[in-house]
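Below you'll find only one chain, the form predicted alone, shown as structure tokens.
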């Protein structure tokens, strides 16, 4: 276990280092933030002072080394626009994104796993074919189009749900959440549904494929021959074995949505991390963009590690060295 953790830590450090280089150089080559931060009427001296204060007068390599040195101390820079630490700005938006993704993935699992089982157990039935056809739509429709259609239907036409914003929130342990208020839940429904649809389709496909394959395995045939009840066969022998790829994909998708739910948050004006990233790109707020990508990479690394641990818990054949026994 110790050797595995050390190996993963070294790999994670190398990944973070490579990402920091690529992202820093990419962001450096996009536009000039001074053009947006400094009004045209300021003097040349004031403009030069602003450039020096932001450290933009240094060569790009020196800027990166300064950033890397500060990053090792936990400082990923200060926002050019807001004047506060970039990490604090991002973490302030994290609860809004986290609760949105949590609800979306919960919805995807609650709906996707039962429908996938139904489609996998009876693949030739009409309901199963209808479910699998629906997954194609779930994958194919663009997020921004789905979001606008949901707003048009449930907000404009029916007037059931609000169109945008986070709604009323309450403070729990100093963290604002909209999960505990009726108005907040109403604001959550549409963006969470928009995020859940493609992940629901993905889970249905994974579970259906895994169920169809598992039903042909000897251990399932043996259980059925012994007279084990069908519900027990599905719950104990089929579902347990197909959960491994589902957990893997769900973990990856969770991290992906937390990091990059930008389209949904923009469509529904949800004040989360994704909308902050889009706003920062428009404003050329380099420290926030770099800090965002670095934190997103760290999140992916952590999720991958946790998924590996869950692999070992769900399948005793899997060792933490990655070998099967």
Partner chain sequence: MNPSKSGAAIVASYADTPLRKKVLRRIRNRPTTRGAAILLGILVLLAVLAPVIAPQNPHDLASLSVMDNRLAPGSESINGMTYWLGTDAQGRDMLSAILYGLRTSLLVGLSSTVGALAIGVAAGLVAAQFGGVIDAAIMRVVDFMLGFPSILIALVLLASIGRGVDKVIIAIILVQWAQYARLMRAAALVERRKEYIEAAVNFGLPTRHIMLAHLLPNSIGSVLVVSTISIAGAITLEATLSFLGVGVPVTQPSLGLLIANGFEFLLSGEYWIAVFPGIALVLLIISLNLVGDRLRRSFNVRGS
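In this text the structure is predicted, and so the values were computed from the model without any measurement. Residue numbers count along the first chain shown, from 1. Under this definition, the rigid core comprises the largest set of C-alpha atoms superposing within 1.5 Å between the forms.
Separately, the form predicted together with the partner chain exists; it is not shown, and the next lines address it.
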Interface check vs the partner chain in the model of the complex: of 182, 130, 172, 156, the one with a heavy atom inside 4.5 Å is 156
| message | When the contact criterion is heavy atoms within 4.5 Å, does residue 302 count as touching the partner chain in the model of the complex? | response | no
Subject >> Contact flag, residue 281 vs the partner chain in the model of the complex, heavy atom cut 4.5 Å >> reply: yes
Tell me, yes or no, whether residue 142 is in contact with the partner chain in the model of the complex, where a contact means a heavy atom of each within 4.5 Å. yes
| query | Could you tell me if residue 255 has a non-hydrogen atom within 4.5 Å of the partner chain in the model of the complex? | reply | yes
Partner contact check in the model of the complex: of 189-197, 70-78, 105-113, 143-151, the stretch with a heavy atom within 4.5 Å of the partner chain is 143-151
Near the partner chain in the model of the complex, with a heavy atom at 4.5 Å or closer, the residues from 111-139 are 124, 129, 137
Taking the rigid core as the frame, does residue 258 move its C-alpha by 2 Å or more between the shown form and the other one? yes
Distance flag for residue 263 and residue 259 (Cα, change 3 Å or more) in the model of the complex: the two residues are closer
In the model of the complex the CA atoms of residue 260 and residue 88, compared with here and shifted by at least 3 Å, lie farther
